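Listed next as structure tokens is one chain, alone, in the form predicted on its own.
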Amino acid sequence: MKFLFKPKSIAVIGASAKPGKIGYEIMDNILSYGFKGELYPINLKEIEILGKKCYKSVADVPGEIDLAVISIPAKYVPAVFEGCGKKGVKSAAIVTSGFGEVGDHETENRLVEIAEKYNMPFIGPNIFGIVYAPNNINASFGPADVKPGKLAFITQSGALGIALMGWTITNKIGLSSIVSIGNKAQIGESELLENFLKDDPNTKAILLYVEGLIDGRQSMKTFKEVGLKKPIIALKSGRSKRGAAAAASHTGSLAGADNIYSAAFKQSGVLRAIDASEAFDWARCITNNPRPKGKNAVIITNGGGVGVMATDACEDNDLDLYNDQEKLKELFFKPEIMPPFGSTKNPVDITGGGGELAYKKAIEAAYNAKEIHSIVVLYCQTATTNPDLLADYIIEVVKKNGGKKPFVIANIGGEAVETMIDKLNENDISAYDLPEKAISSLSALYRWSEFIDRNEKQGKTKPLKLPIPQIKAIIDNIRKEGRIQMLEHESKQIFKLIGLNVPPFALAQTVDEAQKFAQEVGYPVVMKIVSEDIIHKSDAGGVVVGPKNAREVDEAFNKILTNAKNYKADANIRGVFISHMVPKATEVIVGVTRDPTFGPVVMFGLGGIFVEIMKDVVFRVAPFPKEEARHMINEIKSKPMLYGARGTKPADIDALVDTIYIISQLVSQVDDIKELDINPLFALEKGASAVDARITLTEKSYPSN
């Protein structure tokens, strides 16, 4: 793929002599950006374009061609692309639109066949081009004056990509490369990351604009592999839920595509930004700073109010402020840093009278203190300071010490402060106009670092040995009946096989059996109608809770059958489910849905009847290590309920972790499971009990693993 980024010769097929035409703008950008290699415009009619001799086809070009940029009408592209292959062109960027994005997948597939036939990788079609600043390549029809830097930008959208190129120029954000991938016919995000950007010494971080992924699981693997070396920031469009109306389970109805993308990004170390501004804010911090070596941050400010704003932002972003008051006083309570009425509490307030030199001394002290791991500077414009001189001092100190620890600064003021921000950013110092932006960006750097630490701790996920043949036998029997909806006793048979804690249960067809089984499972009991035709048992009056003797079981059995027949006269009633009644406990839910992009996805959250109202749930793509299951538990807002809030006894967190982990293994190894709910799962003081269960199979049967 190196010829896409480091070509020594470029042919522009469809080059134009008319300003405003795409073929002209690509030629002009290549020349104005300082490309040092050979440039061959291809045009049937022109003799010369922008001082370069024209050729009627690539076959007429006397030398080798490393990169062909194709911008001609779609109907001519396959034949011209074939000509490139015959010429021995080493790579291509197909700018032309009018292929898969308008429904012409056949022609697009033909381009892939040609590329594979001639071993000629290409990006596109339907792109605006490619930029690689270290080699002075701007083979695009976007802005010409891209600022060189350490951030690679991959975009699926052409128009947005061009707009953001201009935005980076205005905001002094440097880029190592910009790649428009369009329809991703052959090369998408994963291929670019794995085959070039991962090992590109000129790229420190990667920003992705993603509309959708084709192979979510493979993308996750690539993201994680690359993310352990350099951070990836994602800007993902499309937040709407899909498939909720058709879902048969709580999990299916809650698992919108956006939730699953967020989970997949989090698992693979990708930092998901909410908008373009946030994404580039994070990128600025990440490309300018080293990985933090500890959690202790210090805020240095000349204003108490802005310090409070930053403190709030730190709490919102889980950033730890260093709190050793004696050490802070030793470091900062000095005449050259603050007056006697200054404050060494973190935020360190050098007061509004603190000048440029006071800032310099305070920042130097923070850099030299081994107890402090990251530095946040806040500056409010005052009459006693010169923003330009302060910028010079900060540049001097950071250039000398910048490799030691992360540094961000937020500056608030007028035109002079805006100039100061630009000056700092031009010198690769992460400067922002609001404290919240600085804190959010520093937090993103910390999250990437924590992902690396977590990955090293977790190691690889080893498959759990499960009794697959027995599980498959249960599934096969259900499929023979033409069903995809498991009955509760069938679901719980599978749960017992994989080692989950299930209250003792049995299926009774007669009153005598019900009384016998109730005695065996232990009073009190729960009794439920069992019928594939009655999904919502409570609505049908098909549930009785609490019978504690044979007489009550007799009454409940007859009541359930009568209610069920009244609810649906033609229902196929298989009997009454008898289960030991577990003492009340905190109700949580563990669920599964199978996403078309990412495969099986596990959900955990607050359970019971409120799950779809509260929506306090988190997702992960299965399988995952046990530690990831623990992180899921700690991410829900209602986690204090599990850890013993308000004097209640804490739940057995290890048992919940085991349950989540085992379910992730089950659905990773059994492709027949489409959706699954354990709702509620009782979080007990000792253990966790699967009180209710629902499994829906896929329409298609899969062979045993």
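Predicted, not measured: the structure shown is a model, and the values here were computed from it. Residue positions are given as counts along the sequence shown, with the first one as 1.
One more form of this protein exists, namely the form predicted in complex with a small molecule; it is left out here, but the text below deals with it.
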Exercise. Of the options 267, 586, 96, 203, which one has a non-hydrogen atom that comes within 4.5 Å of the small molecule in the predicted bound form?
Worked result: 96
For this session: May I ask you to choose, among 22, 697, 693, 683, the residue with a heavy atom within 4.5 Å of the small molecule in the predicted bound form?
Result: 22
Problem set entry | in the predicted bound form, residue 72 touching the small molecule (heavy atom, 4.5 Å) | yes
Problem set entry | residue 649, heavy atom within 4.5 angstroms of the small molecule in the predicted bound form | no
Problem set entry | Contact test in the predicted bound form: residue 159 vs the small molecule, heavy atoms, 4.5 Å | yes
Exercise. Would residue 42 sit within 4.5 Å of the small molecule in the predicted bound form, counting heavy atoms only?
Worked result: yes
Exercise. Looking at 123-131, 560-568, 194-202, 497-505, which one sits within 4.5 Å of the small molecule in the predicted bound form if you count heavy atoms only?
Worked result: 123-131
